[in-house]
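Presented as structure tokens, the chain that follows is alone, the form predicted on its own.
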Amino acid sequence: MTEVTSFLQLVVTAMVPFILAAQGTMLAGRAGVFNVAQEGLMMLGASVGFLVSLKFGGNLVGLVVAALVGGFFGWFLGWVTTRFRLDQFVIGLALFFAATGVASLLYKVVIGVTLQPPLIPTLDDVSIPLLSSIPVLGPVLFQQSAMVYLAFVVSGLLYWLLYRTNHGLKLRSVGENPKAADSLGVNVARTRIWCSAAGAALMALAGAYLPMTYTGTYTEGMVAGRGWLAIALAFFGGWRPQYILLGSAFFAGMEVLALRVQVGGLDVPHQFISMLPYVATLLVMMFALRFARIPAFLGRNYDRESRTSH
């Protein structure tokens, strides 16, 4: 395998947490719910996914339970901001701290303090017959774990849902003009709550992917800012699933490039290398935000009785 092919394969592998977390952010945002708890939900997903896989066997079970736990947090965010019209940003930050704390607590209660943390099997690569033998593209796209394929399928399904179905039209109308959607019979509250839940489930799934792909165990701080970058990616992609999928390649590429430079033996402080993805993100966002189309009702609560926004 050539150096370029190896690099591109790592980029595709690194795209998955960005894709899932940013698509979850986008899904909730298109319904008007601005979730800022990505980093905490990914930590919680990583902890729950690892512990369930370790104690009950099987990565699939861990992924499912992690998604369910994340979905509950998202449901709570959607419900409390819709029912009581509390500030979405404040509740999201509270959930970030809560999820981060629960993630750490669960690990310490189940595993305790140990010098040799237990390991779980990492996800195996699944080679797609015929396609995996294509030069360059084969190893890069068709010799990956099932979660890589799932991330791409989720992106395609979200695009189809939003732009090819009547349900997607209703969902987008809730995030753009809930008053008009309400007048047409769309249940605005239910749409916001369940989109928030589904989006948070994807964020937790993104976190669960990390120990099952990179380390085989859970460590505090392993999300390493990917949750915050997922918010930037949602804006970078204009809150559209197809552009988020493409943008994730840039974010993942910068992450892999920073790691390659760090292990390449260059006489550069590792702190400088670690901040490269964030600097590149900041520079790109300065231009991308000028062209990004943000849902009109993003982060605002809708009061059906008074027909006003908060």
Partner chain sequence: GSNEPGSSTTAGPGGGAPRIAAIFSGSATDADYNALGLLALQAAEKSQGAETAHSESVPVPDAERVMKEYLADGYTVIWSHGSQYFEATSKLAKQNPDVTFIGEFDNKPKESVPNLWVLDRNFHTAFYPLGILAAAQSKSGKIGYVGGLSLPFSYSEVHAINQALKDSGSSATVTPVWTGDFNDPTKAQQITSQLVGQGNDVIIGSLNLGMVGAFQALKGKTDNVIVTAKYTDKSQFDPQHYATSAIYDFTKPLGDMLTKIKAGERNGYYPLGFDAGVSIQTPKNVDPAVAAKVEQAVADIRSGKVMVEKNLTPIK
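Everything quoted here is computed from the prediction, not taken from an experiment. Residue numbers count along the first chain shown, from 1. In this text, the rigid core denotes the largest set of C-alpha atoms whose superposition between the two forms falls within 1.5 Å.
Another form, the form predicted together with its partner chain, is not on view; read the next lines as being about it.
Note that among 192-200, 128-136, 206-214, 147-155, the stretch whose heavy atoms approach its partner chain to within 4.5 Å in the model of the complex is 206-214. Shown alone here, residue 222 lies within 4.5 Å of its partner chain in the model of the complex, counting heavy atoms only. At the 4.5 Å threshold, heavy atoms of residue 55 stay clear of its partner chain in the model of the complex, well away from it. Its partner chain in the model of the complex is not approached by residue 246, whose heavy atoms all lie more than 4.5 angstroms from it. Among residues of the shown chain, residue 259 is one whose heavy atoms approach its partner chain to within 4.5 Å in the model of the complex. Residues 107, 108, 112, 113, 114, 115, 116, 117, 119, 122 of 98-122 are found to place at least one heavy atom within 4.5 Å of its partner chain in the model of the complex.
With the core held fixed between the shown form and the other one, residue 276 has its Cα displaced by at least 2 Å.
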